[in-house]
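What follows is a single chain, given as structure tokens, in the form predicted alone.
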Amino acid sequence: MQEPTFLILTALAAQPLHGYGVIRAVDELSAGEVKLRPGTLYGALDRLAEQGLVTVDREEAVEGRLRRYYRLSDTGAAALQVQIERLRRHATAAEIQLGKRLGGALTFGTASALTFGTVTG
């Protein structure tokens, strides 16, 4: 699963959102590192809907324009959970390998051993 897809599913995990709401949520979840453009988002939402990972929750007319809200389906929630577990395993493996490089100084779950000036390459 690509990072933007993971973040879109994550954005929809708590509640249904319309497109602009998803864009804002992804921006917030990624601390500004992932910027979705509307065309990219709606293409992704269409693909995710075809895969059964998201569904249209409802549509509202706002200022003469149709606003479509999307929600995470049960299948999407299961796929998101699988991806969370996969990423967690990979992060743990990376911490273990980095700890070996640093002589075991890395404390799991924190970056305390990576304080500037204390670790040299």
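One-based numbering along the sequence shown. Keep in mind that what you see is a predicted model, and the values were worked out from it rather than measured.
Another form, the form predicted in complex with the DNA, is not on view; read the next lines as being about it.
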{"query": "Proximity to the DNA in the predicted bound form, single hit among T75, T92, T40, Q81 (heavy atom within 4.5 Å)", "finding": "T40"}
{"query": "Site check Q15, R71 and R88: each within 4.5 Å of the DNA in the predicted bound form by heavy atom", "finding": "no"}
{"query": "Partner contact for G99 in the predicted bound form: the DNA, 4.5 angstroms, heavy atom", "finding": "no"}
{"query": "Partner proximity in the predicted bound form: L66 to the DNA, non-hydrogen atom cutoff 4.5 Å", "finding": "yes"}
{"query": "4.5 Å heavy atom contact, V26 to the DNA in the predicted bound form", "finding": "no"}
{"query": "Stretch 70-84: residues contacting the DNA in the predicted bound form, 4.5 Å heavy atom cut-off", "finding": "none"}
